[in-house]
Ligand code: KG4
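Single chain ahead, by itself, as structure tokens, in the form predicted alone.
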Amino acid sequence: MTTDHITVLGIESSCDETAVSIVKLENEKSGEILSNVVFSQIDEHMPYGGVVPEIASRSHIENLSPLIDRALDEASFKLQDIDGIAATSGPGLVGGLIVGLTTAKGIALGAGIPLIGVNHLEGHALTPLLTNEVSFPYILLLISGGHTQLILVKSLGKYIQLGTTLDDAVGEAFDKAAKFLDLGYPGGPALEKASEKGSSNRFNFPRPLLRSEDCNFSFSGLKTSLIREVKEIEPLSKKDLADLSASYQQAIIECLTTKSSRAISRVKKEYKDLDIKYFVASGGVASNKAIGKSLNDLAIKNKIKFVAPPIKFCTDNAAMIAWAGGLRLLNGQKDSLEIPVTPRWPLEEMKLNGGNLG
């Protein structure tokens, strides 16, 4: 790829959102989102209180092609105008990944354009470069339904894991609690809303690993503690639900901020040659306002700038996939039509020219 001006179509289908986007990259520091369409499967999964993989895969099959047409229409583009196609190839639910990546392979073959398999986590990690005024290097707190990680993002393809969850992801902890309390679906936003009218000091939930000197997280014990508290006070009033939600959320916030603080201190100590100006939160849970405020306060305390992408780009979307794929395309990556889906694909395994994609 010799030009510094390319247009990439991105496909995201790793979980319960089918998304397509077209992003124009002027160079490695500037991108423009020409279209960004998402079909949410919330209504389809709501009766089950969580994502059902088989339903998700079927929905991707039904909705992906119309979304591609819509994204092209909104950008006033045709397939022959696209310079490359990027699709999430992992991590995620294998059925959904297969739908998106297979569709991308067909388009790449039919249109004669390069294919780039994108790591979903890298999409989240690089989103702030597209949506905000951020530059490498920066510290990233990646918080979503399936992942909780602290990462030093040095440059494209150079990621150092500082800490990770040893069990449940933070989004999973929110969703499990909301389902148990019957607050509604999706669980994270429902619990956040319930917490707004509650007292965060009424229940003293545990803060796992808070005193450990590492940057790792653990959330699996929180739900057990929540169940114990509920059994002691049920039947629950509206105030009980609000206080339980607020106290539970506060425990999570303290875990996130304490471990993030340790990560910032560690980077400043161990990577003195790096000029760290930004602390970034990305992933669906980054849209939680109370969490965002606490992380912003932490960044101010450490004299760095806190950045979170706009809410619609915190949750799963295809603009981040098109952007990450475009950056790799600009750096010469073109993947084989034989690349597989990779349901488990740690971000730190990524390299500039394709990671485990070769």
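Remember, it's a predicted structure, so these values are computed and weren't measured experimentally. So that there is no doubt, residue numbering starts at 1 and follows the sequence shown.
We do not show the form predicted together with the ligand, though everything after this point is about it.
A residue is said to contact a partner when one of its heavy atoms sits within 4.5 Å of a partner heavy atom; Asp175 meets this definition for the ligand in the predicted complex. At a distance threshold of 4.5 angstroms between non-hydrogen atoms, Val285 is in contact with the ligand in the predicted complex.
For Asp168, no non-hydrogen atom is located within 4.5 Å of the ligand in the predicted complex, even though that partner is not displayed. Although the partner is absent here, Asp243 sits far enough away that none of its heavy atoms falls within 4.5 Å of the ligand in the predicted complex. Note that among 81 to 89, 143 to 151, 203 to 211, 108 to 116, the stretch whose heavy atoms approach the ligand to within 4.5 Å in the predicted complex is 143 to 151. Only one of Gly198, Gly188, Gly163, Pro128 comes within 4.5 Å of the ligand in the predicted complex through a heavy atom, and that residue is Gly188.
Proximity to the ligand in the predicted complex, taken as a non-hydrogen atom within 4.5 angstroms, holds for one residue of Asn36, Gln41, Asn63, Thr315, which is Thr315. Contacts to the ligand in the predicted complex (heavy atom within 4.5 Å) from stretch 100 to 139: His120, His124.
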